[in-house]
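Below sits a lone chain in structure tokens, taken as the form predicted alone.
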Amino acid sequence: MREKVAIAGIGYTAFTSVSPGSSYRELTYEAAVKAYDEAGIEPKDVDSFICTSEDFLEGYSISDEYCNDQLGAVLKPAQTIPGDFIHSLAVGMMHVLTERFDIVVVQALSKASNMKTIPEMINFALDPVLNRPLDITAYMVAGLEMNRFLAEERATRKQCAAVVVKNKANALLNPVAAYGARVSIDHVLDSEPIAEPVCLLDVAPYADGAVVMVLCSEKLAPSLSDRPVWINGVGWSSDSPTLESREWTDAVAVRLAGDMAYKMAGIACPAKDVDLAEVNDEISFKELQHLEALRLFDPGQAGKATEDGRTSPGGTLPVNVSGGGLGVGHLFECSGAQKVLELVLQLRGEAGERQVSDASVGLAQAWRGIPSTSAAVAILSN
């Protein structure tokens, strides 16, 4: 039987719309100090450091090179993953499973407020020959995808709006969420049009923040934490990179990543075995699409489940109790970190007013965002 990998310490900042008083390096330092303190370690005890950065959003070239200093990674193995935090978590898990590393630190951050041309930055993910010269926006792609999702009768427009209502309300109970609010379905439908049928409130607003986690081997876990959270499975996948050749109704990469994580975790029936889920909701309909891709609901049923309250706190499968991206904020490559963070708090019974009762298995899912098709999934347990 392979050794298990634990999350033994977490550190994080608040997630805010802007953070003028802190640089991206200071955000990383704040989160790192908290994580090390919780695990009772110092940077010299760490065997490997993993930064998560696409090097676009920090307002500084090769920004990950500076994060190493704030993590204390002097003369230590360090690497950067140009993906989501869950991709980095998977690498950290594999480091520990080699039995060459007992303690690994994984970091991610967002300093989106430093970037004044985010739409242009996102468009770098479009095909440079076929799509980028058309000068379309990522949200135009979202509008096309959402239209297709609705046309295939996978959900109604009001069910998509119900995702926004739920997640922003959930965020009101999360002290580190940036965008908690009481909104109605009519507020969502009547908000500023972005790309039909996507409206302003359907879109997760940008946020700043940082998360650092300490991973360790099973043998060390009792000495670092009296409440370790175990990484039972991870999965990742990418679908077609081009708009012309992708599946427009289903999130294929999410399904493949989820199946990989389920297999590693030994989960045969996700809808019965998963107690809560934190999934990507960058655009409202994406939460429904991702829930179905993850086999947590049958095709066309996630919207009805949301409408009926089954994905709300107290429902049969609470989804994005943290507030998700719509309530916490869109954190780019740190998005998966926020979702894993929420699961750790829930599985340790430390989520306060939003605590899910009897939570023992949680799922976190990340997606790199429009217009990409790269996804990652992690299954955690207490």
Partner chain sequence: MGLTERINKTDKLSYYEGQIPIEYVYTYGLGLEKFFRAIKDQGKFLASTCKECGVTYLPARSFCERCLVKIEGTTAVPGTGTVYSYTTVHLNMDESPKKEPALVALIDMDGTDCRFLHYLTGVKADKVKVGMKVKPALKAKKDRKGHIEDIVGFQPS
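Positions refer to the first chain, counted from 1. If you're wondering where the values come from, they're calculated on a predicted model, not measured in any experiment.
Another form, the form predicted together with the partner chain, is not on view; read the next lines as being about it.
Given a 4.5 Å cut-off on heavy atoms, tell me which of 265-273, 114-122, 280-288, 297-305 is the interface stretch with the partner chain in the predicted complex.
Residues of 114-122 come within 4.5 Å of the partner.
Let me know the one among 240, 98, 184, 223 whose heavy atoms come within 4.5 Å of the partner chain in the predicted complex, would you?
Checking each option against the partner chain in the predicted complex, the one that comes within 4.5 Å is 240.
Might residue 26 be said to contact the partner chain in the predicted complex, defining contact as any heavy atom within 4.5 Å?
Yes, residue 26 sits close enough to the partner chain in the predicted complex that at least one of its heavy atoms falls within 4.5 Å.
Interface membership of residue 175, the partner chain in the predicted complex, 4.5 Å heavy atom rule
The answer is no: residue 175 has no heavy atom within 4.5 Å of the partner chain.
Using a 4.5 Å heavy atom cut-off, state whether residue 136 contacts the partner chain in the predicted complex.
Yes - in the predicted complex, heavy atoms of residue 136 and the partner chain come within 4.5 Å of each other.
Could you tell me if residue 191 has a non-hydrogen atom within 4.5 Å of the partner chain in the predicted complex?
The answer is no: residue 191 has no heavy atom within 4.5 Å of the partner chain.
For 338-366: residues with a non-hydrogen atom within 4.5 angstroms of the partner chain in the predicted complex?
Stretch hits: zero.
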